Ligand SMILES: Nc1ncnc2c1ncn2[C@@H]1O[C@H](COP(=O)(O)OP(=O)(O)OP(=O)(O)O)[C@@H](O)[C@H]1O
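Given next, in structure tokens, is a single chain: the form predicted on its own.
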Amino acid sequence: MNPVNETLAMNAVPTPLAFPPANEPAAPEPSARKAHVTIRGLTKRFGDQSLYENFDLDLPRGRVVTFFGPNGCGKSTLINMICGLIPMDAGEVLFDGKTREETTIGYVFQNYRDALFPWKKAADNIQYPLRLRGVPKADARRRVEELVAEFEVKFDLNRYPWELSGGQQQLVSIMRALAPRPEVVFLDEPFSALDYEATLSIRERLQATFMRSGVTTVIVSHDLEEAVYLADEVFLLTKRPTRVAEVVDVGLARPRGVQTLSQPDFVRTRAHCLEVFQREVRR
């Protein structure tokens, strides 16, 4: 059994979801932001190299945030430390004042080929976090049916992962992460290994899920267009020792489609993010 999947699944306790606030044109003042994930004093070193040093961060409730920054700044490492997959050298992470063990977390891995259990059918992979927590088979099956309807799944979930395309495998991974109705969902470059057609399709389905559920969502992206397109807020990171250079409120109405990519507000926001990124890379 993959120990990473096992660690995350152990936190999978069904929890009701709140609905998100209306999308606002401007970022709320820091004092008005309702933090869902609170990080204080996070420190991480690799040898004599400091990646994060006494790092503080608040992630807002019910919004989609993306992390974007220079290569090697520790975007994936950050969410892996928040989830407990990588140990911190120091610091504390709380979810609405609760510990990680008290919180339902969903996680979508970058490498979909290794993320699923190959000996389990797709439907059983999706049910896994529910069954691990003792949810009755009938209830687990009903939850899969809900997700099938929500994501408009057309392929056979009685097939094994290795019988599915890459896009289908990643969709199964996303459905598994959402099965226990998590309080926070983390996605680590979820589209990086997919072709463009699959990426567009899954982006559209994920966006509909964000709007329906209001689940707090954190996405690591290496693609600036994607980071802006998906986000309510883009967290732009610096080179190591990593800090937040700027938080950019996207402020674009949802639902978003391909036409969004050419809208003046989107182009302007992407250009600003690129300017900050280039400034940090040159430091």
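Residue numbers run from 1 along the displayed sequence. The structure displayed is predicted, hence computed values, not measured ones.
This protein has a second form, the form predicted in complex with the ligand, left out of what is shown; the following refers to that one.
Q: Would you classify residue 245 as touching the ligand in the predicted bound form, given a 4.5 Å non-hydrogen atom cut-off?
A: Close contact is absent here: in the predicted bound form, residue 245 is far from the ligand, nothing within 4.5 Å, heavy atoms only.
Q: Quick one: is residue 182 in contact with the ligand in the predicted bound form, heavy atoms, 4.5 Å cut-off?
A: Result no; residue 182 lies far from the ligand in the predicted bound form.
Q: Examine residue 74 and determine whether its closest non-hydrogen atom to the ligand in the predicted bound form is within 4.5 angstroms.
A: Answer yes; at least one heavy atom of residue 74 falls within 4.5 Å of the ligand in the predicted bound form.
Q: State yes or no: in the predicted bound form, is some non-hydrogen atom of residue 65 no more than 4.5 angstroms from a non-hydrogen atom of the ligand?
A: Taking the distances in the predicted bound form, the answer for residue 65 is no, it never comes within 4.5 Å of the ligand.
Q: Candidate spot 59, 277 and 280, all three in 4.5 Å heavy atom range of the ligand in the predicted bound form?
A: Heavy-atom distance to the ligand in the predicted bound form: none of the three under 4.5 Å.
Q: To verify the annotation, which of these, 42, 37, 224, 51, has a non-hydrogen atom within 4.5 Å of the ligand in the predicted bound form?
A: By the 4.5 Å criterion, the partner-contacting residue is 51.
Q: Hey, of 228 to 236, 248 to 256, 43 to 51, 210 to 218, which bit sits against the ligand in the predicted bound form at 4.5 Å between non-hydrogen atoms?
A: It is 43 to 51 that comes within 4.5 Å of the partner.
Q: From first to last in sequence, which residues of 187 to 206 have any non-hydrogen atom within 4.5 angstroms of the ligand in the predicted bound form?
A: Counting only heavy atoms within 4.5 Å of the ligand in the predicted bound form, the single contacting residue of 187 to 206 is 189.
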